[in-house]
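First comes one chain, alone, set out as structure tokens in the form predicted on its own.
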């Protein structure tokens, strides 16, 4: 598929297989997608890269524009940063074998993200403890881990940005030190080292390349490497542990990929986890109303069942969950890292993001001009005239969104099938509103 079919920083649309069903339009949580009768799709407003449109499309007309294996290498040292979710995709294989398999498909080195998820949990515990004393941020504190959730809050719940803890995500912790470590260890220049994030989430690419908050060089979806990696794993006769983090002694990392896995690794008990976009929106609305102030911390994940249900995974999320449980049974979830060491680097500011979550809206321009009272009145009158059933024939997800598009000058009243064939009385009502026709 060619990139001239890109409709957002990470979405590619194939019009040849689109049926115009508008499932993607209705699924978008920020109502950012519009579809026309010629089956052309465009994005308006704010795509938060949640992947719901990719997940819901029955014909796979939408796909994620994320890097593939052909872009790995190019004369550089390729380093795979491995999301522990990858281990849940192979029920018969151990994590160390999977890391070795990645080297066989072209990566020079592999780095398990699990160590950094554990560091993040130490830092989160410490931040929560200190916040109880300082009351710097209102509760409940919100996890910064899921990029989609942060963008969702930016767009729909900006008042809650101050409740997102300002800690770097595990993948950001890696980039701070790993290139220097590899450069020192192997005697190569840092600009010859390519860090590739193997991820279940299309949002990771946008975090890296659109927002430019990360120094990760590229991203590869688990679905892009799954078949090739499976073939290499089938050939392996014995475990050859060759990753940079060779010892695998705890399933704390794989558990991280499940909903509740982040808070399960915390010592703070007054927490809970929410997964799935609709559930997340419901709970963010409740927080905005002032509920759950007695809760210390909430883990939110955009995908159902957590990251193991990400759009770029392959294995059924419930089978993946079962695989994680087996890893937990085998390895346990003991801590491998020293709390004292984590606290020392915490004091040095290692975990803290230079950009506070509350500054993201200003930096990235997430802003939508409010409608004037006059335009709101026109919008309500137009809705009274339509009296529609949210059919999406106009290309908008519902009649209210269509009416807003019209009064903002982004759509024509003739896009609505009801208004297009209006009678004389309705035409007079429309003219009285002085709307675009």
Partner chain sequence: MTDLKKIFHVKGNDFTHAGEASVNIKNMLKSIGLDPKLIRRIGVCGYEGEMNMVMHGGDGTLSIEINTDKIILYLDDNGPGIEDLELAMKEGYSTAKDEYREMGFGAGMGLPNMKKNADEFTISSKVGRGTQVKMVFSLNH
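In this text the structure is predicted, and so the values were computed from the model without any measurement. Residue numbers count along the first chain shown, from 1.
The discussion below concerns the form predicted in complex with its partner chain, not included here.
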item	value
Residue 275 within 4.5 Å of its partner chain in the predicted complex, heavy atoms	no
Any non-hydrogen atom of residue 290 within 4.5 angstroms of its partner chain in the predicted complex	yes
Partner contact for residue 180 in the predicted complex: its partner chain, 4.5 angstroms, heavy atom	no
is_contact(residue 26, its partner chain) in the predicted complex, heavy atom dist at most 4.5 Å	no
Options 337-345, 310-318, 151-159, 82-90; stretch whose heavy atom lies within 4.5 Å of its partner chain in the predicted complex	151-159
Contact residue in the predicted complex, from 372, 387, 37, 60 (heavy atom within 4.5 Å of its partner chain)	372
One residue of 163, 78, 271, 121 in contact with its partner chain, assessed in the predicted complex (non-hydrogen atom, 4.5 angstroms)	163
Residues in 123-146 with any heavy atom within 4.5 Å of its partner chain in the predicted complex	138
